[in-house]
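Here you get one chain, nothing else, as structure tokens; it is the form predicted alone.
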């Protein structure tokens, strides 16, 4: 009996590499919340297999996985509207990865920008001999293809940094279908209006590895300390105004100042944002008040997330039960996809699962 979904299937996931921050929220989670209000079937998975390319501590990755699920739900992802599961709870994902790997060219994988960038770094290091990068990193796009294809996703929300991996997944699926018949459903990319927040240190991107994040679970004291440390300057740069919409002001600011105003624009009422924008234009001494105001709005945003995250009902046992039940919801369609691929390749359906 077919387990195909009647509604459009949307899939996305985040690696459990640490606490979720504002870059994660406005780059992805915010879009997930919008999608779950539609009639689509939304699958959101915690990509713990993918995290193994960078995390080696067994306690760290398991703890990060449970914490991420709690944060997902605390941010508003509704388990009644979305299927939230752990990647490794679908062992057949690894089997599909193996099958897809049989039709994937090594040269195709070596063109991946993530792999090329990391390879260039190790080759430039005189202390490193040979190529120490793992097969897991090289084969990352194949595993990602399996994640997408196994649930027969129709659309995948992607930012610019993951767009190439989705294109590679579609290429792998097309090659498989060309060789073995129309078995795999090829998805389309779904723009997610992602906002790339600058780092608190003024760098281009907020990221865990750069240690420049504002986290969704930061308490008010931590928020204030981080915001106070944001670099500022007393030399304002000019502001641009959209000629078609004069009320839309596009700040051209020093990086540290820019992230403060970006946070203010996202979290504070418009009149508060415009008031501080006027002070910036006037060139006054106001950064102390600006930082205090930004910190207050960040803490107000974090407060309900922190409260729900620490709800006693969300203990480890209940989280594990939740993951177990959600894996059961995904497994039927995943197994059907893998069995169809096995049969198309001539292996035949699994006697073990029969």
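Positions refer to the first chain, counted from 1. Given the structure is predicted, the values throughout are model-derived calculations rather than measurements. We call the rigid core the largest set of C-alpha positions that still match within 1.5 Å between the two forms.
There is another form of this protein, the form predicted together with a small molecule, and it is not shown here; the text below is about that form.
Note on the interface: of 128-136, 104-112, 81-89, 204-212, the segment with non-hydrogen atoms within 4.5 angstroms of the small molecule in the model of the complex is 204-212. In the model of the complex, the small molecule sits within 4.5 Å of a heavy atom of residue 159. Shown alone here, residue 197 lies within 4.5 Å of the small molecule in the model of the complex, counting heavy atoms only.
The small molecule in the model of the complex comes within 4.5 Å of no heavy atom belonging to residue 337. In the model of the complex, at least one heavy atom of residue 14 sits within 4.5 Å of a heavy atom of the small molecule.
Proximity to the small molecule in the model of the complex, defined as a heavy atom within 4.5 Å, singles out one entry of 46, 42, 294, 28, which is 28. After superposition on the rigid core, displacement of the C-alpha of residue 173 between this form and the one not shown stays below 2 Å. In a rigid-core overlay of the protein, residue 266 has its C-alpha displaced by at least 2 Å between this form and the one not shown.
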